[in-house]
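First, one chain by itself in structure tokens, the form predicted on its own.
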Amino acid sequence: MYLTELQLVNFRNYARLEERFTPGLTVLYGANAQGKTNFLEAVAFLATARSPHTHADRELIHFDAVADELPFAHLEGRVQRADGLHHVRVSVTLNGQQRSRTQKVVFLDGRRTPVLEYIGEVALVQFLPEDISLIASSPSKRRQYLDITICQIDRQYCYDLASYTQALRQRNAALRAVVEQGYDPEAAWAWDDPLVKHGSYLILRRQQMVAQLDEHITRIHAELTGEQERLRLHYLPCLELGHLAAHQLSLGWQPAAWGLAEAPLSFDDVEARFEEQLVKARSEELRRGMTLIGPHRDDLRFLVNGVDLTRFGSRGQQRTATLSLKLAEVALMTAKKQEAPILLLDDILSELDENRRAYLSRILRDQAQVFLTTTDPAQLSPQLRAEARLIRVESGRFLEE
């Protein structure tokens, strides 16, 4: 999978950009604050209808365009997939008297498409400087990473995630009303069924995806560290699921493939345990005014040689583990979609030593399409630099070398 054309209008510091691309490595270089990261953000936004840097779409509109009568940002491109060439378009318009609201419109092959149906049409993996803190950050960041990754592979997960989030919001509002205004608790318990139904699917899919990522990351991290470290991923659901091994949750894979004797938990098993534990937690939830059981409290752990990197890992170990995670994500997505995703790497070279740069260089040569930013292209190996397309970025303009 690769991007063949991209057009930007009023996106960040790009007043207008029209460019064609080919498979392989494209290196964007130049001084800071010229638009390299903004370009990667544009590709990510076109692929997912979501910015990796802001939740406020209004910030994406070019600062000069904000004064226009109807401020907007427009992104349009063509993506070559195994099943043919596809046209994608995303627009953000600022409206309302106070210009505080935005409207986002997504088109796929000329048809207006809901965002939940659009996600996954353009497969993407991105490594950003802030991703280095993923391991040491809050559990919510790791849950968000899992959600974004799984949504690109499983559209049903996106629907269940949206439905679960809505049910959780309504249930928490009802619990607060019970605590603060003395409302009938039955108003909160009425949301248990949708919470359990959609939450159980999230738990099962997260577990399955972490197990599959673990397969790839163990191999990749060993190669990246010269066989010095063994990295394992562990999914930690908030739900108590008994003494079954972590990898026994399933949506249909055979336990024998994992060397497991006991049958894995089914969807019905998880639903039953979820419902049971919600009932047990009711008194504490009424006291605290919030939902205490469910996948909104899950976590993900990274263990190197048995040591939890979240608590005891050095910054260098966390950086390498995060890179391994992203490369494992590429491998998993390639296997699931039967074609490699577009890979975005933002200023990654400055964070790696020479050995890890060499390993990454070998990996990059095997990818369908990579966009990489750097302030100094000399950080690339001479061979990789000779094979790459080099573009200098200056004040939101592309200057071909």
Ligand SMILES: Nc1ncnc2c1ncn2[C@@H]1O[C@H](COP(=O)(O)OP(=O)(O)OP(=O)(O)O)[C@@H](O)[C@H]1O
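Treat the numbers as computed from the prediction; the structure is a model and nothing was measured. Residue numbers here begin at 1 and follow the sequence given.
Beyond the structure shown, there is the form predicted together with the ligand, which is absent from this document and is the topic of what follows.
Among heavy atoms of residue 35, some come within 4.5 Å of the ligand in the predicted bound form. In the predicted bound form, none of the heavy atoms of residue 361 sits within 4.5 Å of a heavy atom of the ligand.
Remark: residue 381 does not count among the residues lining the ligand in the predicted bound form, judged by a heavy atom distance of 4.5 Å or less. Remark: residue 375 counts among the residues lining the ligand in the predicted bound form, judged by a heavy atom distance of 4.5 Å or less. 60 is the sole member of 348, 46, 343, 60 with a non-hydrogen atom within 4.5 Å of the ligand in the predicted bound form. Stretch 62-70 is the contacting one of 363-371, 62-70, 335-343, 350-358, since its residues have non-hydrogen atoms within 4.5 Å of the ligand in the predicted bound form. Residues of 1-19 lying near the ligand in the predicted bound form, listed in sequence order, are 12, 13, the criterion being any heavy atom within 4.5 Å.
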